[in-house]
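Look below for two forms of one protein chain, each set out as structure tokens: first structure 1, then structure 2.
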Structure 1
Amino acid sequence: MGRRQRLYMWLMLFPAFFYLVTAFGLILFEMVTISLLYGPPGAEVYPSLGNYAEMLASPEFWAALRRTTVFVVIGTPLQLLVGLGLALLVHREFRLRGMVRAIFMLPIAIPSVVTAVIISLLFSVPYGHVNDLLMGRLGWFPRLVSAPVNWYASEPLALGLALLGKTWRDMPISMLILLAGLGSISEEQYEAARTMGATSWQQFKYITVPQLVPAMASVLVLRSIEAWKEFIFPYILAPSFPVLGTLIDHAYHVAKRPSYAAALALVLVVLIAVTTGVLNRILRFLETHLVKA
């Protein structure tokens, strides 16, 4: 690439780069400023770390942080595995492949709120469809429980429903990224491996996985960011067990404490930045290791 071409490329990218950096900088500056206000309305102290001290002393904050961490640790690899399975399925040539791809894309066309409400209706107590099924009310299915399951009274069950909805709603994004990665792998490599007697598992392990690491890295980073800041599914399906996203909303809209909400939001931004940095370093190491292997 010549000097003029590089200059032209940077000139084209500069407006978008300037907009993103400026917008993020202004928002971050405002969040930091608001978070340093502490006290009752009209009598706030500035600057003060009172919001952060109160946050670190709050059991509700630590409980929300624990739930959010579990949501990220389980949800991120789950979305990767589901997306990888679907991508491997539709990457192969078979009849009606286009129709199957279109069906797998349907979840992304449904708004998150609608998906969460549908799941809420399916698992409602005591006459949701799932409870009807488990209670044997449908006639053709054996009775498995003696009383309706209250899915929303149990933290693991409620957050599990939120995770189920999140994974189902976002799986097309993971599938598309991994499908693009699969499409970039040359078929000649697989033909050469088959000629040398490699099994399907060996082809997957030594050809597919190493060359799919960049796509998997994109999925892990993007999905982890989404999991950290998830709001809709926990808000609707697990209202009694707040995560950081719902705790921020409660602090701002219910408790009417924008400064405390800003402090919580800054902690969330830091967690996202740290997670992204750690994931990038780990994935870079894995990519180098797998390529050398």
Structure 2
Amino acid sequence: MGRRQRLYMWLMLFPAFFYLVTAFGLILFEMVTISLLYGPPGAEVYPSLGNYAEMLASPEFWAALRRTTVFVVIGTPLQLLVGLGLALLVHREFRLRGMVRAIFMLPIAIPSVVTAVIISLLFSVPYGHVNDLLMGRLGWFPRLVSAPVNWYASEPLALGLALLGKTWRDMPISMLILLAGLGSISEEQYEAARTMGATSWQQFKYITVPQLVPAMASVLVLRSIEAWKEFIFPYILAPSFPVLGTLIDHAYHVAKRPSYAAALALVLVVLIAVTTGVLNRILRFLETHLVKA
């Protein structure tokens, strides 16, 4: 490549990367500087670790951290299972396969806000379809509760609804990654296994699962990042039980404390970076050991 050629290429690359790198550089820089501002309006001290000290002493922060962790720990494997189920369903030839796949992609096309509205309609209080069903008002279903369930007043139920929304909307993503993984397993291996008399379950256990490990690892890493980042579903469906994302919004819009919000934001970023790194390590370790076995 000649020098002029090289220069030309850098010029083509420059605008996009300049935009992204400066923006994120500035974002990170400002996040740090704003978070070091502490004190009553007009009399702030800089630099101060006051926001962080206050955060560590605040029960709300620890409660939010605990809820977010539960959200990640339950949500990530759940999304893997749902995605795997969908991927296995459409990973075979059948008539209308294209149409079924297109329908499976629908949830991701719809705005999250709309998904949250659908859930709040289905689970409305006191009278909605789910409450009607649980109260045995439809006739064919047994009466399970005597009074309408108030989904939004209970922490596990409200966060469960948020998780339901998140899982429902994002299942096509996990499905696509796993489908790509399934597609890379050669048909010959299954044929060989069948000639040797392997059952479907054995084929799944000894051929599909081991070779799907890299795709599953991708899903776990990407979905856990998204679960840490989650804001919109807990914001709409579990407003009384903030996770870290909603806590940031609360600090910014309700308490009107941008500097405290920035400190929370930075903690969240660091948390994601660290846990993703650790998860990556663990998965890589498991991968090498599973391949050996």
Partner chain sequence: MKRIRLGWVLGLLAALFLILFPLYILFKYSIADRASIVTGGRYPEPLWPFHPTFEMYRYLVSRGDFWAAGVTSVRIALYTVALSLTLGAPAAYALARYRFAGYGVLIFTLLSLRLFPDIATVIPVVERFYKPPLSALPVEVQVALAHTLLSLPYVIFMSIGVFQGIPRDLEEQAAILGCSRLYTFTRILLPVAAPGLAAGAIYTFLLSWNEFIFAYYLTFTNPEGATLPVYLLRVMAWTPQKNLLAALAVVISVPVILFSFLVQKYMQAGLTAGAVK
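By convention here, residues take numbers in order along the sequence of structure 1, the first being 1. What we label the rigid core is the largest C-alpha set whose atoms superpose within 1.5 Å from one form to the other. Note that the structure is a prediction, hence the values are computed from the model and not measured.
- In this comparison, the chain shown as structure 2 is the form predicted in complex with the partner chain.
- Annotation: Cα of Ile207 displaced by at least 2 Å between structure 1 and structure 2, core superposition.
- Relative to the superposed rigid core, Ala23 undergoes a CA displacement of at least 2 Å between structure 1 and structure 2.
- In the core-superposed comparison between structure 1 and structure 2, the C-alpha atom of Leu13 has shifted by at least 2 angstroms.
- A C-alpha shift of 2.9 Å is found for Leu138 between structure 1 and structure 2, based on superposition of the rigid core.
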